[in-house]
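Only one chain is given next, in structure tokens, and it is the form predicted on its own.
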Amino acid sequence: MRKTITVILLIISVLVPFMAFDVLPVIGDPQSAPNTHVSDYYIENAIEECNSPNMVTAVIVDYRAFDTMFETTVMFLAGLSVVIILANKPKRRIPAHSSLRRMKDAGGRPIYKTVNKDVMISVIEPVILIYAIYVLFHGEVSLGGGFQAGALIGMTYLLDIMVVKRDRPIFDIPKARAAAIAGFGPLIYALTGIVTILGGGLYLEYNKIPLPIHHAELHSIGITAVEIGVTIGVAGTIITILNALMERISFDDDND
């Protein structure tokens, strides 16, 4: 009964603000602010003001950089919440769900045991990491950015501990250290904003970074700095969640 009441209260607390405050524009309304002048301003000025040919990146980490900082913080808090919820490690690891175990190759072996580990270590994992770095530093001018780069790094860690299953993973990041790294990402993002204030500007006003270069290049430096923070935050959060889950779940069929 207590859990039921808690769930009902949570649903009410979420629905009431949406029903009581009608502050968001109707989706597709041609007279809404985004469709009348905001989007047009971004399209016409993003390249010149943000020095970023990728207008998506310009909007996310420049025009609305403050919002994106809190999105990164929310990801960190999500990983921290998982660690807190799964803090009590069980006495024995729980077998993976049967649907994962039914994934077999033609010879009847589990899919994750058919991969050549040498190829995984020497080719696949380094290529993914190199691509993650490429996506990070080219997100300003092309597709990609911090969220994608962080996810790629997290996927590399996942492959390393689930498929290769070495005693020492490629990163060798314990749960507590991964959580600290996840928090360091939003910290880099926040400190970038503090630097712009020290330069005499507003928070995350990149052209006020105290460096003796053109303001357009300052935007590039600011965008890159916060993207690095996002990458570290996302990768650290994913690794934190994976570490917490892998302590409780066994994917090894031999240990049934």
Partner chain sequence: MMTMINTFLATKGIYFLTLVLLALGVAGIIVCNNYMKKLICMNVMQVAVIFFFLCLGQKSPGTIPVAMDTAVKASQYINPLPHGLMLTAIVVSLGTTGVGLSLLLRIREKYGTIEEDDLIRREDLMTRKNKDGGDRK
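Quick caveat: nothing in here was measured; it's all calculated off a predicted structure. Numbering follows the first chain given and starts at 1.
Keep in mind that the form predicted together with its partner chain is missing from the display, and what follows is about it.
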Testing 215-223, 30-38, 188-196, 202-210 against its partner chain in the model of the complex with a 4.5 Å heavy atom criterion leaves exactly one stretch, namely 30-38
Going by heavy atom distances of 4.5 angstroms or less, which of Ile85, Val127, Ile133, Ala176 would be at the interface with its partner chain in the model of the complex? Ile85
Wondering, does Leu159 line up within 4.5 Å of its partner chain in the model of the complex on heavy atoms? no
Ala65 versus its partner chain, in the model of the complex: is there a non-hydrogen atom within 4.5 Å? no
Please tell me whether any heavy atom belonging to Ser122 falls inside 4.5 Å of a heavy atom of its partner chain, as the geometry stands in the model of the complex. no
In the model of the complex, is there a heavy atom of its partner chain that lies within 4.5 Å of any heavy atom of Glu44, even though the partner is absent here? yes
May I ask you to list the residues of 55-77 that have any heavy atom within 4.5 angstroms of its partner chain in the model of the complex, in sequence order? Met55, Val56, Val59, Ile60, Arg64, Asp67, Glu71, Val74, Met75
In the model of the complex, the Cα separation between Leu10 and Gly233 changes by 3 Å or more relative to the shown form; did it shrink or grow? farther
